[in-house]
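Only one chain is shown below, in structure tokens, and it's the form predicted on its own.
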Amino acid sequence: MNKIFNKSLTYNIDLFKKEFKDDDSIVYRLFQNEGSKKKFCLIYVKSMVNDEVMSDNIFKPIMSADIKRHENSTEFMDYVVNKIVSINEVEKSSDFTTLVENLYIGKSILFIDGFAKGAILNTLDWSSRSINEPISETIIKGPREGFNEVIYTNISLIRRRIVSQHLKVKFREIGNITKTKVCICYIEEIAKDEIVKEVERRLDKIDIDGILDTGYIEEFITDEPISLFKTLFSTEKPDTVCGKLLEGRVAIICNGSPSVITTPFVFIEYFQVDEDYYQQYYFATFNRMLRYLAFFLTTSVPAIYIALTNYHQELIPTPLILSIFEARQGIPFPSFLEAFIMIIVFELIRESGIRISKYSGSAISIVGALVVGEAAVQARLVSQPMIIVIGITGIANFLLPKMANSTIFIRIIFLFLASILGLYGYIFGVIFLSLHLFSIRSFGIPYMLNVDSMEDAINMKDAYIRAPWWYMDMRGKLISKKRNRKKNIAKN
């Protein structure tokens, strides 16, 4: 039940004290004007406000102002907030819930004796992490700014790059307890209306106590919650988000999270990185081709090795197959189990390398190289060819960090199928994976967008290759409603 204020300052303060019982972070600062008996009370949350602003812009002006001529006026509160207090954002409210919610986010509430309402003053001052380069998305060439955990800072990083009135920002509040501020960001003249509305609809349907990161939102609004592949892109780089917005995509920014989601997300985006657009197009194309090769190697090499050595030895040159059999002499495990154990051990080393401090990284490398590699081979627990196979698989996996989690499961599934049916099992796995990828949609957009539309040469310019900028003059037809990149939308 909402609480009702009255004109007694003491009564109004008591309402807050009952609401925040046993909460020592709430400050009730009573003060009085020097030339008047009028009493004031400023309520705020300790460490969430700027003390200097409060002292210079609220306390000192009110305490020293000449208010005797106005103190009995019914418009006295308006006089105080409009002519005495110098705060850039002021709002009056008599709704208890509204005042409490503003108090929680760092604003201060000013009560004046004789008025049954409070003034909400923007004295907000949160300490936040500075703008640094994202650790998970390091680059050699290009902008090095990364998002931090403050939603307004993140929006400003986007606005600095897209100086247009067509950039729209819509706020939401998600989380029954956390009241987390979330915003939808898009370029009105480029993003499709149906995609924007669908994003809004899915966000509005989220019903949960708290949102602490965009990862929560991803699971709620994704199209394929049980798929190994994501239908939403996540990044910590403002330039990446701006690039996506200019293509017609929609961004979702969550307060408290440095990761920003963009959607729709198509499969080809796994192979596109920021540096593709900051370096010569032929180097970018070559590197993109390497990523396609890496996808094949990291998912298929163990399965093909097992299939060939167990079922199709005739496809391997005789000297090579003899060398492999000789290397496997004395190995106690079947080759499938040997590969599976090595994959798990490699993932253990990789995961521990991520979780421990960077100063311990060299220790992990030593353990991986000496213990798992050399020592295991000398003890005849694993064969040398298997070490090479897993090494190639692991190195290739590092080229696709956004897809790393997905490729682990695909690799194991392919390995399992190949161990049962040989190359036929591997081919069945590839066919099933292809059918699955072609069946996925991201906010109504086919996941294999560029592969599916071979006749659309426009999409190919930034799919398998990275064409020169002067040649990429059109946006993808399925994602954006304004295709021509060179047409000035500001004149529309």
Partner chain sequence: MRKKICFVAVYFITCILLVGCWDYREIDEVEIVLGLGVDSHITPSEEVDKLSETQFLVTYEIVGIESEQGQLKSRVLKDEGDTLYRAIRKIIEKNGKQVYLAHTKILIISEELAREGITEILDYTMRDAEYRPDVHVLITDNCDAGEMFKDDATDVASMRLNDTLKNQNKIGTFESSTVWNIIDKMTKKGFEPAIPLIRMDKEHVDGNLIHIVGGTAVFKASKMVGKLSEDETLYYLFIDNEIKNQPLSIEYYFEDQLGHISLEILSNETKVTPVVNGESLGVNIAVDCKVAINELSHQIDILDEKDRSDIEMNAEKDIEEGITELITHVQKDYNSDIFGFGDLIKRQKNKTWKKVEKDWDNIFQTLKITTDINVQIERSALSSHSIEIDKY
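Being a predicted model, the structure only gives us computed values, none of them experimental. Numbering follows the first chain given and starts at 1.
Keep in mind that the form predicted in complex with the partner chain is not shown, yet the notes after this line are about it.
- In summary, the region of this chain contacting the partner chain in the predicted complex, judged by heavy atoms within 4.5 Å and restricted to 37 to 45, 66 to 74, 430 to 438, 22 to 30, corresponds to 430 to 438.
- No member of the trio Ser128, Leu157 and Val241 reaches the partner chain in the predicted complex with any non-hydrogen atom inside 4.5 Å.
- Note on the partner interface in the predicted complex: the residue among Gln313, Asn82, Asn405, Gln280 having a heavy atom within 4.5 angstroms of the partner chain is Gln313.
- The single contact residue among Ser164, Ser86, Ser323, Asn176, judged by any heavy atom lying within 4.5 Å of the partner chain in the predicted complex, is Ser323.
- Within 4.5 Å of some heavy atom of the partner chain in the predicted complex lies at least one heavy atom of Leu421.
- Although the partner is absent here, Gln329 is a contact residue: one of its heavy atoms lies within 4.5 angstroms of the partner chain in the predicted complex.
- Proximity of Thr235 to the partner chain in the predicted complex: non-hydrogen atoms within 4.5 Å are absent; the residue sits far from the partner.
- Proximity of Leu417 to the partner chain in the predicted complex: non-hydrogen atoms within 4.5 Å are present.
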